[in-house]
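Just one chain follows, in the form predicted on its own, and it is written as structure tokens.
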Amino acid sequence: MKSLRMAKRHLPKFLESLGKWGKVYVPVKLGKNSYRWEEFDGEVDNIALDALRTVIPAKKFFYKPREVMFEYDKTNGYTQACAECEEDVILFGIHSCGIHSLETLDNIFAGKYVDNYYFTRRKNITIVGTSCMPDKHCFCKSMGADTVDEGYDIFLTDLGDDFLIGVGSSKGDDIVNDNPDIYEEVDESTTKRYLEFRNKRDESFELVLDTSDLPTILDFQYDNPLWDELGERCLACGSCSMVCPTCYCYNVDDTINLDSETGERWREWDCCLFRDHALVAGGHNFRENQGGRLKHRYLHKQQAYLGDFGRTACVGCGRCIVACPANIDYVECLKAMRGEMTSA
């Protein structure tokens, strides 16, 4: 890893150079307080550099909301249908928590049955991260996802008139070497401004979650009636899972053509809060109660995934808090399970 300094006036040239490596996607403003990923149109002013969270996270580039897995034919077998998996893409504007979320998905899709759709895209997507300042819904610091030292090709930290450029991969090094005239060495002033930025950012977190001993506490609180109270409020709409950067469940279905000999296999995002998510053959539902389904989601994020991979499956981005139409606050619920006074 190496660090450089780039004056902000060079951002257009930097983005232009990124276009040589693939199709560039950036966050743009959508409505009053929402942001989404769009292909870069060449206008730097259209990029929402202050965007904290896009409505749908970057996972949609690696793992499509709905996609054809393969086409099948009774005579010729099946043909993989993921042509766009080979497309070169540059994601500009992912924050530290988003980069951590990709590491979470990597662990899942590299399991016993490796997901080649995901990893083919992963290989062809360049990660250009950017710094951010937290709002009242961010708790990534509590989840250890507020900083990142790996998992990106380039990372830009906003230092006022300059960007601190972190180069995190050989591809990032190639991108930098393509335009050496727009970068300068890091000097004492750069270091001072970076430390000031770090301290200011650390002090800006309003939302804090104590995660110490949380898996054990959740074990003790397995039968807490609060789960059913929250289940009564939950609309089972699935918004929290759709916007979550680390939720990965999907459903698979086959579409058979009218000739009864050809068709397609699809997969689409699913959610453990949907009633039929745990429904099995014979009509038995392992999580019939809505409170049980909500509890399952929380325990998986903070307990089960931790047991498998040594870290939680929550990066503290705050999307689920913002998106929930029933105003169920993820952090407040966990605080309540810890016995803290809360209005969860």
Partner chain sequence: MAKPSIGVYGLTGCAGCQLNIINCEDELLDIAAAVDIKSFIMAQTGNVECEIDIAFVEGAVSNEKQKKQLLDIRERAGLLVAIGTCASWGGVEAMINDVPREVAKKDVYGDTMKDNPFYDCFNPMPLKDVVKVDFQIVGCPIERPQFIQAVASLLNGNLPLLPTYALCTECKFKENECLLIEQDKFCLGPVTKAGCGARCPSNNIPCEGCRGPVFEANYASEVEIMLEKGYTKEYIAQQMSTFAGTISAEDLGARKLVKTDIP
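Residue numbers count along the first chain shown, from 1. Just so you know, these numbers come straight off a predicted model, no measurement behind them.
Keep in mind that the form predicted in complex with its partner chain is missing from the display, and what follows is about it.
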Answer among 43 to 51, 296 to 304, 309 to 317, 57 to 65 for heavy atoms within 4.5 Å of its partner chain in the predicted complex: the stretch 57 to 65
So which of F205, Y118, W269, Y194 gets a non-hydrogen atom within 4.5 Å of its partner chain in the predicted complex? W269
So its partner chain isn't shown here. In the predicted complex, which residue out of N257, T216, N76, N177 has a non-hydrogen atom within 4.5 Å of it? N257
Site check K141, N224 and L334: each within 4.5 Å of its partner chain in the predicted complex by heavy atom: no
Do T147 and its partner chain share at least one heavy atom pair within 4.5 Å in the predicted complex? no
Verify the contact flag for P325: yes if a non-hydrogen atom of it lies within 4.5 Å of a non-hydrogen atom of its partner chain in the predicted complex, no if not. yes
Any chance L30 has a heavy atom within 4.5 Å of its partner chain in the predicted complex? yes
Would you classify C132 as touching its partner chain in the predicted complex, given a 4.5 Å non-hydrogen atom cut-off? no
Looking at its partner chain in the predicted complex, which residues in 34 to 51 have at least one heavy atom within 4.5 Å of it? S34, R36, W37
